[in-house]
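Only one chain comes next, encoded as C-alpha cells, the form predicted on its own.
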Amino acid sequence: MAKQPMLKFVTVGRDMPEKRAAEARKDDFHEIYAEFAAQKAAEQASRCSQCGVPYCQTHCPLHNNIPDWLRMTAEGRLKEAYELSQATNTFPEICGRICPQDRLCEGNCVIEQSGHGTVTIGAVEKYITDTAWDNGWVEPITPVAKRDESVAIIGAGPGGLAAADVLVRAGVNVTIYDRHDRAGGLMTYGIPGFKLEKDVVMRRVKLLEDAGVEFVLNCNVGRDISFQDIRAIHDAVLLATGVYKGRDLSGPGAGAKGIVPALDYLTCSNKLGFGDAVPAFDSGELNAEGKNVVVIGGGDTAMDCVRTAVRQGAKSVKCLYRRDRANMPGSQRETQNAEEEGVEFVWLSAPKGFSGDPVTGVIVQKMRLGAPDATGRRSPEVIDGSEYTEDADLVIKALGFEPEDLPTLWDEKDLTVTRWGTVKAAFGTHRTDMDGVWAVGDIVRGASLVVWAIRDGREAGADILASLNAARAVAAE
C-alpha cells in the first residue's frame, strides 16, 4: 500500500519560509521571506487535511483548488500543481506574496481552527509558481486563432491585466491605456519591493506584451485621449482604473508642508527602486531619512509606509490608529513585521491638528471604543482633555482611497456611478449601463484587494468574449 502523503498536521508543525532578521532586512527593499526548499514545501503541503468541505478554497475570492495543488506539491508533482494553480489564478506568485492569507484561505483552514496551525498556503503557492518560472513551465501565450475585434482596457493594474490575459488568449486585440510610465498599477508603484519585488510584476507584463497586448503608457484618459474616442476605436471598453484619490485630513495645520499622501510617498520610493530620477526624494520632500515620521492610518497602505520609512533611515517611525490592534483593517502579519523593524504603534489615537509649517508635530487626541456602528465595528470616541503632541518632521496620510469623478474627468455624463462615486456595474458580468462598457476592480468595489481585482478581471474578460461571440453570430446570420 502506498504511503499516505497527506494529513501530517498531527506530527508536522506549521513552518514558514525563513524570514530575514529585522536588522538585516530593514536596510534594503528585498523581499523578507526566503523561498521554500523543495523538501520543506512538500513537507508543509503534506499537512493539509484534505477536508471534504475545503474552507480555504471557499474563502479564496478566486476559489483556487488549494487542496489538490497542495497534494500535488506533497507528492512532488510540481508542474501539475502549477498548471492547476494557474488555471484559476492569472498571477498566483503575486497572490502568494501579497494576499492577506490570514484573513482569507489560511484564516479559514480547518486545522487552524482545530489548534494545529494553518497550512502555509501562500508560501506554497509562491513556491510552486516561482519554480515554474525557473524551470520554463510558464509558456508564452499563443492564441489558437487571431480575431478582428479589439478591446480597450483603461488601467494596467491587476484587474485590467487579468482581463487582458483572458482576451488575448482568445485572439482578441487588446490595447491597455494607463497614466503611468509602467504597467502594473498599485502592484508596481503602490506596494513596496520588500513585499513584492518588481521583476515579479514586470515578467507578467512582458508575457502579455509578447502575446501582442499593446500598452499605451503615460496616457491620461480625458486629457491625452478622450473616452469617447476610445469607445469609437474599439469594440468594447473595460474600465479598470482603480481608486487613486487619497482621503484627506482636516483640522488646524492640515495643509502644512511635510504632510504628504501615502501613494505619492510609496510611488516615489518604488520609482527609486527602478533607478528613476525622483526630484521630490532628492529635495527631501518624500524622503524620511533622519526624520521623525508619523503615519496616520491602520490599513495595509499604512504598514507599507511605516516599513518604507524605516528603510529610508527615519529617526523614528510611529503609526497612529484610532482603534485598537484587534480592530485594525491591515494584516496582523504585516503589523508584526513592522514592530520587529522598530515601528511604534500608537493605538486609540487620532490627529486633532498639526503644529508648524513645515510640520513639526501632530496634535494627538486619545480615543476609546464605544458602541458598534452600522458595520458592527465599535466606534472610536474622543477622550476629553487627552491631547498631547507627537514630534513629526514628515506626516504620511494613509487613510484609504476614494474614486476620482470619472464622469466629469472624462466628460461622460452617461457613465453611472454610485453615491460613493464608484462605477455602477452588474455583479458577475461587470457590465455598466453604457453599451459595450464593462468595469472591474477598485473603481467598482472601492479600495479592495488585488485578488478581488483579478477575479473581476477574469470574469469581465469572459463576459466581453461572450458578447463579442454573440455579435459575431448575429453578423453571420
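These numbers come from a predicted model, not from an experiment. All residue numbers refer to positions in the sequence shown, first residue = 1.
Below, we refer to the form predicted in complex with a small molecule, which is not included among the displayed structures.
Please tell me which of A350, C219, V346, A256 lies within 4.5 Å of the small molecule in the predicted complex, judged by heavy atoms. By the 4.5 Å criterion, the partner-contacting residue is C219.
Quick check on this chain: which one of T73, T129, T301, T308 has a heavy atom within 4.5 Å of the small molecule in the predicted complex? Partner contact (heavy atom, 4.5 Å) among the options: T301.
Candidate stretches 285-293, 130-138, 201-209, 236-244 - the one whose heavy atoms come within 4.5 Å of the small molecule in the predicted complex: This holds for exactly one stretch, 236-244.
Does every residue of A156, H180 and F401 put a non-hydrogen atom within 4.5 angstroms of the small molecule in the predicted complex? Looking in the predicted complex, the three residues A156, H180 and F401 all sit within 4.5 Å of the small molecule (heavy atoms).
So, Q50 and the small molecule: in the predicted complex, are they within 4.5 Å at any heavy atom pair? So Q50 does not count as contacting the small molecule.
With a cut-off of 4.5 Å between heavy atoms, is L186 one of the residues that contacts the small molecule in the predicted complex? Yes, L186 sits close enough to the small molecule in the predicted complex that at least one of its heavy atoms falls within 4.5 Å.
Using the partner position in the predicted complex, report whether L266 sits within 4.5 Å of the small molecule, counting heavy atoms only. Answer yes; at least one heavy atom of L266 falls within 4.5 Å of the small molecule in the predicted complex.
Do F29 and the small molecule share at least one heavy atom pair within 4.5 Å in the predicted complex? Heavy-atom contact with the small molecule at 4.5 Å: absent for F29.
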